[in-house]
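Form predicted on its own, single chain, as structure tokens, below.
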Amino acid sequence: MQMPWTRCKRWHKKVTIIMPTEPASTASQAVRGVFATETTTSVGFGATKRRVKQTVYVYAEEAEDGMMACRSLSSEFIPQGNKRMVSREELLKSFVPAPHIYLSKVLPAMAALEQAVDSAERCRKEGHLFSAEFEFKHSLRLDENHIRASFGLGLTYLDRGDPDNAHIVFRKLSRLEGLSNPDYKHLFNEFGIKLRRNGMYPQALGHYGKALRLSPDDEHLLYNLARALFEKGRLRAALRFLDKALTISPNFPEALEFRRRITDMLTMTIIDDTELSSGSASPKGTSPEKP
């Protein structure tokens, strides 16, 4: 349901104090909660036509810049759809706080959704992949843009050896909002690892890149990105990212060993190229000429 920003004709004037709909422990804590408005629509035709009042709810959460990110509520009272950014003044011009809906409906529904995703993740980690798929899909029916559930479903497909469906989830993830939260760094990293192990190197590089944008000084992410580049045959690029990882953590043992291995391979390549250009090596498939 679209939020009726233009159809709302009036605001209840008796509300004179702007109250957060969730108790704040500090004055700087972001405001979040449910806001309501009444709309009037006409139903029926002719003699049966009548006007019906309907209450519309939105979930709003204050962003860092002070704007309010608003989403509609599903029939299960779970925030859904894309966010619409409005000022607090614009929100309160059309809507009034509805703390009773937030506390009695939305909070329990959101908590139940997170518990369902937690249960799905446990199933996946324990190897119960079909149960995990069922639970993740159930969670996504409640909130189709749930980030953890989307990642979890993609990982489940990769664990099952189903890269085609995983690729569909990957494309959906690339369009989701809210992926700039640093808390999702480990999800990008884990998805990148699974993609690399399944030979999906471009997708793996894309996820590692997103994780690095959230945490550019994470030496383990840099190391994992180097591994994906190496397996794609981009040795010099892999070496550059290993050097960055070792700048951050000079005693990173796996990175040191991996760097030595790549350096040796590049050295051998240079030697082979030098021998070919000087004529001291034989063409492929022939034996070297004896003196």
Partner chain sequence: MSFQFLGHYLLGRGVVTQAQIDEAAAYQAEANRRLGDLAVEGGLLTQTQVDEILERQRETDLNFGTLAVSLGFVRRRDLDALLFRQQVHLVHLGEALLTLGHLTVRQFCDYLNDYAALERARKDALTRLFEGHCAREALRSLVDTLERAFLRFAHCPLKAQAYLDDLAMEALPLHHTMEIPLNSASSMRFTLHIGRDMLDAIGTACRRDGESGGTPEEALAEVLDILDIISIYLCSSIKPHELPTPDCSSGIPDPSGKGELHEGCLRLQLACPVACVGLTVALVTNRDNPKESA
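Numbering follows the first chain given and starts at 1. Bear in mind the structure is a predicted one, so any value in this text is a computation, not a measurement.
Another form, the form predicted in complex with the partner chain, is not on view; read the next lines as being about it.
Note on the partner interface in the predicted bound form: the residue among Leu140, Leu92, Ala116, Val106 having a heavy atom within 4.5 angstroms of the partner chain is Leu140. The partner is absent here, but in the predicted bound form a heavy atom of Glu133, alone among Glu190, Glu133, Asp218, Glu121, sits within 4.5 Å of the partner chain. Although the partner is absent here, Lys172 is a contact residue: one of its heavy atoms lies within 4.5 angstroms of the partner chain in the predicted bound form. In the predicted bound form, Glu144 approaches the partner chain with a heavy atom inside 4.5 Å.
In the predicted bound form, Ser150 approaches the partner chain with a heavy atom inside 4.5 Å. In the predicted bound form, the partner chain sits within 4.5 Å of a heavy atom of Ile168. Residues placing heavy atoms within 4.5 Å of the partner chain in the predicted bound form fall in a single listed stretch, namely 157 to 165, out of 83 to 91, 157 to 165, 181 to 189, 210 to 218.
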